[in-house]
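Just the one chain here, laid out as structure tokens, in the form predicted alone.
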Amino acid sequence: MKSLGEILLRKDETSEIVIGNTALVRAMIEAGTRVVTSYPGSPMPETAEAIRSISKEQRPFYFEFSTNEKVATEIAFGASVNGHLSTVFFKSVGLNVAADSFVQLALMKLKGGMVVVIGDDPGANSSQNEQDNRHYAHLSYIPVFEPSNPQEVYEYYKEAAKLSQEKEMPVILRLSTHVCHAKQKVNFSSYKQQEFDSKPRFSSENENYVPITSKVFPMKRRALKRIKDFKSYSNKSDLNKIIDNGNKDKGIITMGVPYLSLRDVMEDMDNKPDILKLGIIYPLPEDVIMEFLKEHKEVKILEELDNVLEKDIKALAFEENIETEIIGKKDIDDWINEYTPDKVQDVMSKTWPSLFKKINSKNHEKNVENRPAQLCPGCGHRSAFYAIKKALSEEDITVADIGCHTLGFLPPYEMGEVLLSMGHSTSTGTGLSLFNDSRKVVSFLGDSTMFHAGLPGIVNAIFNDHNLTLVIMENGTTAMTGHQNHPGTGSNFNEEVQPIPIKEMLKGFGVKNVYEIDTYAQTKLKEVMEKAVEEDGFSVVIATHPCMLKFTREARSKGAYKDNKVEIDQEVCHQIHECVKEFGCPSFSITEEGKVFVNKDLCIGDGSCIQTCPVDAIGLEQSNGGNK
């Protein structure tokens, strides 16, 4: 059986069942992509794992995880203006981080071509919002391709790369969570490995790459002309498809995942509406859309999240005096969540109730209890929150950041009352500390997030001598998105490197009070926090412990994992329930009689819970059945 890496490198035609993120990598290889950059974030991490399946020696392109999305975009841009086809990929909110440079891309002449792959997240499955990144396309004058399945991911990327190279302009490939993770048998073409040389091709002799003052306007005019010219391609492209069901009364314009869901909903219907399925959503194929509108009395615009297409199509119809009734979003719920088949059924039943039956919610009620998000068994963040909460008063203010430790907001810890974006916690905490002489402010920040976006806030706190305590939750990895390395881990995607030690770095910045303590040392951590919050000015506590999910997984792979479990001595236990109600390890449960028991399938035997019991009823299992 061939490995994934062998499948991706196979040079002849082949068909394989893969997810969208994997199909993307094969397309990168076939297109002759030379440089690929990223910052990890769902729904895109599997793309990097597919790249990892190809050894560094055999990999036909350079790949790196950059420190953040802005840096990743700039590296891809630099490679492109040097003549190399490049790609950057990241999650939806990652575009906000990259935006300062991203919005400039269309102004530039990208000699090698550049594809920006965005993993949007309708449903906010792994994001703090449901932002619709199609708005960025209008802002930046960059075309957008939107595939609906893995086969189209593969095909659309190759087409986007080809056009980007021909027109020397950026192109966005917009994916969504369902497209990234959907599985399909994808037909791959044959290809020949391209020969690359190392000759630098950058030249500013006949091209301006400095968009300042009067030089901006010629660059903007070119960007506007290119997006206008792109419409002629969009109008002729086979990526836009009409599904003719012979219904001249009703039509639907849609794209991506909503299109697939619509097909499911319409499968057994009579009198099906015609469908215009768009593959290019910016700039719109106006000629195709106008013809479709003119041929139908009513047209529904079916799109996830915001009414981006609806506004553009209604404006087009107004300008062209088209009298077709155009139906957009009906109510607020139409703007929210993924357009899965049940969602599309609901949306369409409000549009044409005679065609689409309304879902009877009683028949779709789920009797499964909600499963709250929670920290993994043994997570060092749990010990940190447990100890730090005891060091603070109820009046103190705690600020969360992005990462696994965001879950500290939930019971029983309830640590982190404010959340904005990656790296915000120090700066937001600073704002909360101003004109505040009575309530201590504590901000939390993950080690990976610190390197990503947290350093400016830290430097600002030092520079302006702000009064707050920052807790850096150091677990030695980018845990929430799949255990990718960061600058403090000692290795990058490709090789071992010199790690950047956080404590020494902070002292080099000029932080006077820096403490470092293992989170499992809960009593000592509580004492350190009590001392840190009483100090004037900016103080930092590095609460460190390896990510136990990663640690145990690696230990198992090496055969070095000790499968210990903890147990409760029922004769000693007073049923105070500190281990459940305050510490909150998911391995513990309470019976109807109030007894605490350990779920052995969840317990990893790390022992961090033992010190939480006020009567010493928790211990590691012994072969003779007693505690130790």
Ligand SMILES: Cc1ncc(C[n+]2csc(CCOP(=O)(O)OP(=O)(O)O)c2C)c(N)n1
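On a predicted model such as this, the values are computed, not experimentally measured, just so you know. All residue numbers are counted from 1 along the displayed sequence.
Keep in mind that the form predicted together with the named molecule is not shown, yet the notes after this line are about it.
_One residue of 143, 446, 150, 256 in contact with the named molecule, assessed in the predicted bound form (non-hydrogen atom, 4.5 angstroms)_ = The option sitting close enough to the partner is 446.
*Looking at 313, 402, 471, 278, which has any heavy atom no more than 4.5 Å from the named molecule in the predicted bound form?*
If I apply the 4.5 Å criterion carefully, the residue I get is 402.
_Can you confirm whether 428, 454 and 539, the three residues that make up this candidate site, all sit within 4.5 Å of the named molecule in the predicted bound form, judged by heavy atoms?_
Judged in the predicted bound form, none of 428, 454 and 539 sits within 4.5 Å of the named molecule.
*Distance check, residue 170 to the named molecule in the predicted bound form, heavy atom within 4.5 Å*: Taking the distances in the predicted bound form, the answer for residue 170 is no, it never comes within 4.5 Å of the named molecule.
*Hey, in the predicted bound form, is residue 113 touching the named molecule, heavy atoms inside 4.5 Å?*
Because no heavy atom of residue 113 falls inside 4.5 Å of the named molecule in the predicted bound form, the answer is no.
*For residue 97, is any heavy atom within 4.5 Å of the named molecule in the predicted bound form, or not?*
Yes, residue 97 sits close enough to the named molecule in the predicted bound form that at least one of its heavy atoms falls within 4.5 Å.
*asked:* Within 4.5 Å, heavy atoms only: does residue 349 come near the named molecule in the predicted bound form?
replied: No.
*Using a 4.5 Å heavy atom cut-off, indicate which stretch of 480-488, 234-242, 175-183, 459-467 touches the named molecule in the predicted bound form.*
Among the candidates, contact is made by 480-488.
*Could you list which residues of 128-151 come within 4.5 Å of the named molecule in the predicted bound form, counting heavy atoms only?*
Counting only heavy atoms within 4.5 Å of the named molecule in the predicted bound form, the single contacting residue of 128-151 is 128.
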